[in-house]
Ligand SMILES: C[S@@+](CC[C@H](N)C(=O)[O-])C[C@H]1O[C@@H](n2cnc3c(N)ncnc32)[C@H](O)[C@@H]1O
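Taking the form predicted on its own, here's one chain by itself in structure tokens.
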């Protein structure tokens, strides 16, 4: 039986990796890491970030097994409907499953998968590995180590509570924000933002953060109508500095 550990490593700051996660990092024989370098020939900054994190917490040089990350269909004309989007994600997951299977079959010992934030929030690693378990070619024991999420760090950085007393908190993706608004949600954490479209929400309050826990971290807060240009500018600065943007925000309709 091969033990596979899915390890939440926080939003980016090595100091926010839990003691349980450090123990797990030190117990596995190698790490399977997806790598986007093959798409354009440029180094994948997220691979480099994982390497720096491992150098910080391991007492030996890490063994990193890189697998080419298949490109997901993102063209608006191919993912406009929910069914088209779901089909594109399913194809992407299947291609990742095949790549993970090959990596695990080709290497001995326990394997680790590093997941930004917490594996339970908008990450495909657990479900892909469970699919791999079901295929039966590998006898896998799957373990999950939780991590500090960007949701928690966003609240800490802005020194806020994520909800008012007794208020619900709705967590969704940028793609489904307008669906949440149509449902009447008025306190919303939004993740996975390719673009930020907040038309009609100018009077709402927003607490926004990007690349939390990293050297390129940026924060903006205020009334949406006042600060949206500053958020757009900050996203551009973060992308230029780091080569990638992972942002998240809390939207709240104020009484």
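Nothing here was measured: the structure is a model prediction, and the numbers come from that model. Positions refer to the first chain, counted from 1.
The protein also exists as the form predicted in complex with the ligand; that form is not presented, and the subsequent description refers to it.
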request  = Go through 246, 234, 22, 242 and name the one with a heavy atom inside 4.5 Å of the ligand in the model of the complex.
outcome  = 246
key: Candidate stretches 180 to 188, 80 to 88, 148 to 156, 135 to 143, one within 4.5 Å of the ligand in the model of the complex by heavy atom   = 148 to 156
message = Given that the ligand is not shown alongside this chain, does residue 211 nevertheless sit within 4.5 Å of it in the model of the complex, heavy atom to heavy atom?
response = yes
ask   = Would residue 110 sit within 4.5 Å of the ligand in the model of the complex, counting heavy atoms only?
value = no
task = Check whether residue 101 has any heavy atom within 4.5 Å of a heavy atom of the ligand in the model of the complex, and answer yes or no.
result = no
request  = Determine whether any heavy atom of residue 192 comes within 4.5 Å of a heavy atom of the ligand in the model of the complex, and answer yes or no.
outcome  = yes
request  = Just give me the residues of 157 to 177, first to last, that have a heavy atom within 4.5 Å of the ligand in the model of the complex.
outcome  = none
